[in-house]
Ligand code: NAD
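Below, in structure tokens: the form predicted alone, a single chain.
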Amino acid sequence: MKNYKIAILPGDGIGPEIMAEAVKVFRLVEERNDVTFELIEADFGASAYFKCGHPFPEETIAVCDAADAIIKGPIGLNHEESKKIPLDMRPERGALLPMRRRYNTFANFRPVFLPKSLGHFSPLKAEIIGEGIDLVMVRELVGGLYFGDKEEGVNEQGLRYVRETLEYDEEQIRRIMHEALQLSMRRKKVLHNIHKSNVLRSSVLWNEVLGEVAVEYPEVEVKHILVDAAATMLCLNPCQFDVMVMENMFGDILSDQGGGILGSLGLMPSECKGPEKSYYEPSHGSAPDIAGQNIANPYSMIGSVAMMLESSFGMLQESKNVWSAMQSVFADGYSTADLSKPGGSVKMINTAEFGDRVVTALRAMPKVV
């Protein structure tokens, strides 16, 4: 029997509520497979700062270091509550970026997936969605503006200024291109490269390195598209895309737009992959305005479990089963209040009930042999 250690970081806001539903799925997967999960909970984010004095405390670092994989809930507070935390200790700067740096999670995968049967969630017209949306955004996650040198001060004219550096070297670009091209080989063998080479020198190097790496994948058709055009086409014709690769800030923006064309970031889990381990998380925020109300949909949290099963533990069929179980709850006409307006034929359920229905659907499926 295989045993895996998993660091459980509930996070802030709705994080603990939706993480509880992910834990239910882990426990059922244990029952259905020759595997055990040692789930070790640790503090992370704003809640960790108020409890321990740091958003990524040493105790949590030790848990994550020892884990085979990490799953985290959303982090962050509303604007007013954030003011109670020093700038560099706020969850994004003090916890999330250091985690990415520590485990070198350079490749972020965000599936933008909505089958035709769930097309009613999308704000796009049915004729645009067609048979459904199915693409993956691959984002470089530890370079670019977010990790470059930063400087602020007052210049010789007495004006406040800020300077932030966008920096990539060819090895950083090369490794994310290999990830994107390998994924393209497993899918439709089409890769859209998102860039801004008409303005940014960093995109010129980005494209040059892609050209060098792509020769190793002659079956993949590489298409180049400017980031602003890509943003437009995601709304007008998202079905033209299969795998999209982009640098850090472009990926941050476009992946949120991906959630928009689905109808909610609550439908978008993600994987952040490093050389030794990955962490998994919903793409959305901590939604402090609805925290504690038991109305947040755990789809993206449970979807992150499904991604972990496949990518970290090689449990491909069980991962597919979890995806199917989640979608079956929507297909049966159920939803949570954060994703659907009351009325019509939608049967409203709460966070825990959604998780319970996922578990019931998964339990009814044949065990993986």
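Just count from 1 along the sequence shown to find any residue number. The structure presented is a predicted model; accordingly, all values stated were derived computationally and were not measured.
Note that the form predicted together with the named molecule isn't included here; everything after this is about it.
- Query: Applying a 4.5 Å heavy atom distance criterion, does E276 contact the named molecule in the model of the complex?
  - Reply: Contact check for E276: no, nothing within 4.5 Å of the named molecule in the model of the complex.
- Message: So in the model of the complex, is the named molecule close enough to D68 to count as touching (4.5 Å, heavy atoms)?
- Response: Contact with the named molecule, no.
- Query: Quick one: is G76 in contact with the named molecule in the model of the complex, heavy atoms, 4.5 Å cut-off?
  - Reply: It does: once the named molecule is placed as it appears in the model of the complex, G76 has a heavy atom within 4.5 Å of it.
- Message: Would you classify E156 as touching the named molecule in the model of the complex, given a 4.5 Å non-hydrogen atom cut-off?
- Response: Judged by the heavy-atom cut-off of 4.5 Å, E156 is well away from the named molecule in the model of the complex.
- Task: Would you check whether the named molecule, in the model of the complex, lies within 4.5 angstroms of a non-hydrogen atom from each of G266, H284 and D289?
- Result: Looking in the model of the complex, the three residues G266, H284 and D289 all sit within 4.5 Å of the named molecule (heavy atoms).
- Partner-facing stretch of 243 to 251, 146 to 154, 182 to 190, 295 to 303, counted where any non-hydrogen atom is within 4.5 angstroms of the named molecule in the model of the complex: Only one stretch passes the 4.5 Å heavy-atom test: 295 to 303.
- Message: So the named molecule isn't shown here. In the model of the complex, which residue out of L141, M137, M177, L96 has a non-hydrogen atom within 4.5 Å of it?
- Response: Contact check passes for L96.
- Query: Just one of E216, D228, E170, E92 has a heavy atom within 4.5 angstroms of the named molecule in the model of the complex, so which one?
  - Reply: Exactly one residue meets the criterion: E92.
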